[in-house]
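Single chain ahead, written as C-alpha cells, the form predicted alone.
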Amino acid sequence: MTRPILKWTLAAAVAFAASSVMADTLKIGAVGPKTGPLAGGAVVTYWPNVQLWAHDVNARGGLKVGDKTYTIEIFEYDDQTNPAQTIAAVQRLATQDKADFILPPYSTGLNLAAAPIYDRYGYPQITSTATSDQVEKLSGQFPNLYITLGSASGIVNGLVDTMKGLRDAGTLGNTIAMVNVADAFGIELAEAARPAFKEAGFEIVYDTSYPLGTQDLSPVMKGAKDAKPSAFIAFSYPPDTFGLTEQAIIEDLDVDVFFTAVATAFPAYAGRFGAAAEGVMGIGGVNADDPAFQEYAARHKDVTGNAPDYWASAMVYSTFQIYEQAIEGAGTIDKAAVAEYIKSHDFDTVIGKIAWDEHNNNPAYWTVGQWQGGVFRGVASTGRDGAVKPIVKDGWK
C-alpha cells in the first residue's frame, strides 16, 4: 500500500490547509497497476487523474455534503496487474481501511475481477477503463456497476464503419490482418470484430492472438505482412501497441489502415514515432478542439507534470467527477444513497454529459481516433461532437 503524497502547488496547499481546519476527511480507495504489464498504461491514464482529482477537490475546499465539508485522502494500492491482487486490495480497503468510496480499478479484466467485491460491500463502481458487450448481464448481476468507455461491439462497429467509408471511397481494399492480446479486453473485441468484418464484406486473411506481456512481437508482424492485407487491426494493450508499431516500421508493413488499441492515443506514441505516427488509427479519441478538454489538459499538465492521453484520461477524470457530484447531490456519504443518486441522474463532465441507459451504460463515447497533424483526433463516436474525416496511412516515412 502506498499512502498518498500529493504534490500541491503553494496556492493549493494553502487552500487545503485553510479548509481542512473545519473539514472532515473522506477516505477514498484507489487500486491499479504500478507494476506488471499494464503499469505503463495506468501511469499515463489512471494514477495522474487520481492525483489531479484529489488536488482539484481539496484545492477548492473539499466536498460540500449537507452541513459538512469533506477533504479527500487517497489510499493507494498497487495490484501488480494481477486480478487476485486487485480483489485483495479492494477487500482490504472495504474491511480494514474502511474506505468511504473506492475508485474503479484499471482495465477491463481487473474491473470485472473486482466487481463482486464492490457489489458485496455496496460500493458504486463507475468504470472508466473497461469495455464489454456483457453490460446487460453485468448490470443484472451488479446493479451499481457502470460502463462509460463503451461496448466491444460499439467500438468495433465504429471501426468497421470508418473502414467501409474508406473502401467506398476507393482508398482501402477488403483484406484484414487482425491480432489481439489474449485477455478479456482483446478477446472480446476480436470476437465482436470477426462477424462484423465478415458482414461488411471484409476478409480476415490473418488472425492470431498473443499472451499478455509478450516481449517479442516480430513473429506476429511477419505473419501479418506475409498475408499481404490492406489493413492491420490490433486489439492491443500499451506495451504491445508500441511493440507492434515498431515491428510494422521494421517490416515496412504497407497497409492503408493501421489500427492499434490502448496507448495509441498516448502523447508518448507520437513522441516515440514522430512523423511515422501520422495516419495511425487507434481506439477512442477526443474532441481535441473542445475548450473543456483543453482546459482539463492544461490543468492536468500543470498539476501532474504530464499531458493526458487523447482518450481514456478524460474519461477517468469524468467518472471521478460523477462520484464527486453524486456525493454532494445526495447530501450524504452513505454508499446506498449515493448509488441511488448515480442511477437516477445525468452528470456534466469534462467530456460532456454522461447519461445512463437501462443497463448502466453510457451510450455516447468515442470509438476510433487517428493521428492527424500531431494530434490524436476522434474520427468516429456513438454520439460525441467534433469528429474529423479519416485519412489513409501513407507509409512510415
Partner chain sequence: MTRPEVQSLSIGTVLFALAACLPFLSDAYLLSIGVTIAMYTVLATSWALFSGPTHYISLATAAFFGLGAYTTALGIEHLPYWLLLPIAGVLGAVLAALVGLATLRLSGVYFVIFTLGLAELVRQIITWGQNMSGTKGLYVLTAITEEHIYWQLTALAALVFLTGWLIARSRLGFAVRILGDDEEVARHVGIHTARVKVLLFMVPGAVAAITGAMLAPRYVYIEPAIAFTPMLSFQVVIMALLGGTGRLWGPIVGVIPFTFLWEAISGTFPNQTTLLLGLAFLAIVYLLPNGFTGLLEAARSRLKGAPA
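Residue numbers count along the first chain shown, from 1. What you see is a predicted model; the values in this text were computed from it and never measured.
Not pictured, yet referred to below: the form predicted together with the partner chain.
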Whether M281, Q321 and T367 all lie within 4.5 angstroms of the partner chain in the model of the complex by heavy atom = no
The unique member of I187, A276, L166, A196 whose heavy atoms fall within 4.5 Å of the partner chain in the model of the complex | I187
Which pick from G122, P116, P143, G201 sits with a heavy atom within 4.5 Å of the partner chain in the model of the complex?
-> P116
Classify N174 as contacting or not contacting the partner chain in the model of the complex by the rule of any non-hydrogen atom within 4.5 angstroms, answering yes or no.
-> no
Decide whether T131 counts as a contact residue for the partner chain in the model of the complex under a heavy atom distance cut-off of 4.5 Å.
-> yes
T35 within 4.5 Å of the partner chain in the model of the complex, heavy atoms | yes
Proximity of A182 to the partner chain in the model of the complex, heavy atoms at 4.5 Å | yes
Using a 4.5 Å heavy atom cut-off, indicate which stretch of 287-295, 103-111, 256-264, 307-315 touches the partner chain in the model of the complex.
-> 103-111
Those residues of 91-109 with a non-hydrogen atom no more than 4.5 Å from the partner chain in the model of the complex are Q91, R92, T95, Q96, T108, G109
